[in-house]
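So this first bit is one chain, no partners, the form predicted alone, shown in structure tokens.
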Amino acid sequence: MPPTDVLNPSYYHRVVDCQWACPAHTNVPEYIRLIAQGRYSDAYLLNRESNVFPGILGRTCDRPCEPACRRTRVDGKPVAICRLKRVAADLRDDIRPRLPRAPSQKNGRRIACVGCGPASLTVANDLLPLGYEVVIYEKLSQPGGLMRTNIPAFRLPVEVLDEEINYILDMGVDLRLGTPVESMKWLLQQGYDAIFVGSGAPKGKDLNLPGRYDSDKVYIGIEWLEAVHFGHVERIEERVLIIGVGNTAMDCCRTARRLGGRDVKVMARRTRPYFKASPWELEDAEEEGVQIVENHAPSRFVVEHGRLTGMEFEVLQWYEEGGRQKSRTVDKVIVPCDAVILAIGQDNAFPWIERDIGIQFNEWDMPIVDRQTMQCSLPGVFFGGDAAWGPENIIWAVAHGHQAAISIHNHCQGIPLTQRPPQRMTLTSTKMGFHEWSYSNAYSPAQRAKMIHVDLSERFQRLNIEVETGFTPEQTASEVERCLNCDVQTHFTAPLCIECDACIDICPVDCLTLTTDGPEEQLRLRLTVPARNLKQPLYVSSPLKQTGRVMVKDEDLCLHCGLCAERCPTAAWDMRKFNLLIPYAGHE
């Protein structure tokens, strides 16, 4: 294998599993270290550089970083990355004086954003400090999009939402509430230099089954949650069925429990391993008395004399045939209910975009959008968030917003959209003495901290009582030490190595091997512990001067403990902190 190019930022970035898995590439290990030092404001601001909404996402993120966490390979439980993000958000000082500001002198460019959700707000966050004027059109009477209307206050308090949204709006956004855009052709005629569509996926999917329109007690999930948020719905019937098992279904069932639903069931076509809802959302729903019923497919609404009395389901048995999951009906049952909430997914809706203006749509009636530049087929028009490729989590909308802002800036400056500013990095030694490092490298055997919840007897008293109370100082202190500091890299300098095997002898996980070079597939099998996880790279040094062998390291196993660097008599190994420098619009 050729020697590994550790000066390419993508190599060490890939080793920092949590940061690599995060769509916005948040520097997770560094902000956890800042929390450990009690530097909550610094941790919050580091978070905000990439994810923009630390307080919101510290409560609502789908946490793609956590399944990737290296800690799962040690004791099966990831570091509570998301909950630690909330710690920094809750304990920070007033950070307004340290936030970016829009210059008084504008650059003469005007950008229109459709929808005031996380994607559009991220675009505004990135472009306003560069002197752009940003106009956001929002059809509702409050900003925030589905963050506001579809995430209940018992998960996301309104004061947290307002504060982080206002950090952006207060930079000078021209926010036009209650102003839906009803024609893209009209918007194109308003003289904007670029347009960003961040209108979300605002149309809840319906279920066209017999009896669907014979009762007024069948609700569309996202519409029902929106009606609850704006106070149009204050009660629901006692027996409620939720159809669907995604995160929206969890929000619906838990909200129903707070509005009078005593017998609330979530009806799922499949078994739990196939559920779209996050495991913690399922746990919280069941803790609140919601019953989750598996392998039931709806077949008709049972309506008697204009009154909904139940729903008929086919009971399914799943089996595998030809490598695919198939089902057979083994029974039919009627489950009594007084109301049904449909939470089976969301669709994009673009009736306001005329089909003769140059924006091409695919067979699913979605705009064709370039995944790198976020531009559609009409130059100067960009999409992001759920509006681009369908429903995703907030953090994906933020990542789209950052990339769209780069493209909008390029577009306005006459730079090709494909000319993306490169990622860069810094690599700094953490050495403080012969056997001491500037990070906590001792392995902590502590188990993952468990979030404290408000008592069941209290949480149903009001709709806006936040269920999760946050980590205690003791829990925080324990959890930060569970982080393995994957950004502190074992950096090898081949000319210094004398091939004494000291590092190999002391490595607690046998991730180092001195061997003859060869093709990767052979090299992986010749290591002290065969490297079978192809998703993680091998580090391969240049030939060593003593024997011509190479030092090989399986990045998948390494715990970043630093013992190899402590033991090395020639300092061939060093523990160096890797910092990925992520480019944003106007800031390479």
Partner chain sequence: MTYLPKPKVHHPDLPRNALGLTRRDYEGSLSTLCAGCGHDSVTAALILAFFELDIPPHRVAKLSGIGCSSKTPTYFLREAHGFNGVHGRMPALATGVSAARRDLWLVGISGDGDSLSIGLGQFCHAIRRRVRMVYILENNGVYGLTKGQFSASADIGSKSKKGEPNQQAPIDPVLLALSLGATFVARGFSGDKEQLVPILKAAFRHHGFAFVDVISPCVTFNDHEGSTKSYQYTRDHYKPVVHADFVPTHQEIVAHSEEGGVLDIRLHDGSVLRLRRTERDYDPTSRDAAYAYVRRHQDQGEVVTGILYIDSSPSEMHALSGTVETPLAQIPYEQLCPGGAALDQLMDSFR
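Residue numbers count along the first chain shown, from 1. Not measured: the values here are computed from a predicted model.
Just so it is clear, the following notes concern the form predicted together with the partner chain, a form of the same protein that is not shown.
Undergrad: Which residue, L91, V135, A502, L188, has a heavy atom that falls within 4.5 Å of the partner chain in the predicted bound form?
TA: Looking at the other structure, the residue within range turns out to be A502.
Undergrad: Of the residues L34, L557, A68, M551, which one places a heavy atom within 4.5 Å of the partner chain in the predicted bound form?
TA: Spelling it out, the residue with a heavy atom inside the cut-off is L557.
Undergrad: Taking the partner chain as it sits in the predicted bound form, is R567 near enough to touch it, meaning that at least one heavy atom pair lies within 4.5 angstroms?
TA: Heavy-atom contact with the partner chain at 4.5 Å: present for R567.
Undergrad: Even though the partner isn't displayed, in the predicted bound form is C507 close enough to the partner chain, meaning a heavy atom within 4.5 Å?
TA: Contact check for C507: yes, within 4.5 Å of the partner chain in the predicted bound form.
Undergrad: Within 4.5 Å, heavy atoms only: does I498 come near the partner chain in the predicted bound form?
TA: Yes, I498 lies within 4.5 Å of the partner chain in the predicted bound form.
Undergrad: Considering non-hydrogen atoms and a 4.5 Å limit, does the partner chain approach Y443 in the predicted bound form?
TA: Answer yes; at least one heavy atom of Y443 falls within 4.5 Å of the partner chain in the predicted bound form.
Undergrad: In the predicted bound form, which of the stretches 23-31, 59-67, 37-45, 526-534 has residues with heavy atoms within 4.5 Å of the partner chain?
TA: Going by heavy atoms within 4.5 Å, the stretch is 526-534.
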